[in-house]
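Let us start with two forms of the same protein chain, each given on its own as structure tokens and named structure 1 and structure 2.
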Structure 1
């Protein structure tokens, strides 16, 4: 009698989820010419010589007959910004290729654009793997781009950041005898200051202080608000009353007060504000390019999570004004 204890499927799946994987979309073309594609994270390398890769597909998948009969298929390693593409190809019952930019690959296989890497493969053999069928193929062509990959971990999408060995280790307060260089408040404060150096100079050149620039930027999102609205939305950022700022901006034709007591950007103020916003986004892009798109996206994600979990009840900008 077999006395091997049965595995808890949910617990087993959760344990497997501890292993972070990339996310791929596998594509092929059916015998009638219909493009077929699906999301998979079972992709892996097999051999360098000859170059071979594998992936697996559940036997209950509706796409199994098409891939089983295909002589060619392609593996797309999705980039970090292609989460929506992963979701699209994970769903069934829709035209997954509609509106996408498609190239024709070897054997007529449809190729997606914007991926971190693509592998065009000729099917070599298939292997039984429990409730899945394993597809092994020889790579006949490939290409890659300097894009960070999309990662899947513990049932959720994630971002991977490379560790830079060149970065010095922060001196702790115990070693330095005072403020630790790894103190979060210090890191956030210094990052804020260094980011705003370029933005501050552009705002001052346009005749605005840093806090006035924040007000102008906020009004490009929602125009026609009261001083109380602005104080509620921006008070914890500005740390100064907003009315004196608005009156000073009014004298420089940035804003005006309408008959209902609402502050609005003038035509000139809106035009200048939008130019400053464009310059600020370009400045942000230049800074983030120094350590890569993925790290920048991860930084923003972590800051958003930090704000969410530490929020003492402060309002989000124009969320509920």
Structure 2
């Protein structure tokens, strides 16, 4: 008999991976009371009335005997921050529940917290599905929280961004010189300007220019540095030397130069700087709250990636002064 597979298994897996899914952890309790669970992305909805869902379990899974015998199981749709939980439940056999806070659901099924949604189910059918067993269950209870979901795509964890139907998909309006409004430099510059609108007034009211505010913020994190160190650390956010800025700040009692030649915030400078940092953090919170759906975290992730990819070898602002 010719056993050559009709499909290339690696290519087949890769093609299946193009289907982006959420990530779930499915739990149940063994007859002896042991909690059992595994990570699964084969979860899907089946029916609204009656409410039914399905997922499939590899026949080689150690959990198979327990799930086959269980009358109840629960599906936890993981939130974006629960990647570590997914990793924990994807490792075969270990004590996956150790240290986790669990509550008992219907049929004593262990329920995990912090998820985007949970479905408690009565096991209805089990179907053969090649090297998997398909479990169909009727949902007897569910709950849900406003949390962005964890996504799995092409074999990797991902985060979801929601399209905003009020925004055009691609701003391609042309301006003079053939530059578009989707030019990255324009977007980054404008985003920086608009972010700082909410902080600049407060810094000005405290007697600082925008660049002096950057110096004060840096000293709040790492006090007692030479001008040369500050120049090196801030070189990629400031294009002016720091010494004249520090001297001007010295005359308004923000900073002082110690005997060893290190610049330090004065007590009053530190106090004012901490207030400004708190205001900046609150401003950030207000702005990111307008995104909802965890997109603030997504934006930061993309900016961190962008900074890493485009870094020409600049020192780390906070760690290498």
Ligand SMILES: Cc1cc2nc3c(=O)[nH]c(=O)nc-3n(C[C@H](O)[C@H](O)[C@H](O)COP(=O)(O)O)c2cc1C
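What you see is a predicted model; the values in this text were computed from it and never measured. Numbering follows the first chain given and starts at 1. For the two forms, the rigid core is made up of the largest set of C-alpha atoms that agree within 1.5 Å on superposition.
Taken from the structure described as the form predicted in complex with the named molecule is structure 2, whereas structure 1 is drawn from elsewhere. In a rigid-core overlay of the protein, residue 239 has its C-alpha displaced by at least 2 Å between structure 1 and structure 2. Core-superposed comparison between structure 1 and structure 2: the Cα of residue 222 travels 2 Å or more. After superposition on the rigid core, displacement of the C-alpha of residue 252 between structure 1 and structure 2 amounts to 2 Å or more. When the rigid core is fitted, residue 195 shows a C-alpha shift of 3.4 Å between structure 1 and structure 2. For residue 261, the Cα deviation between structure 1 and structure 2 after core superposition amounts to 6.4 Å.
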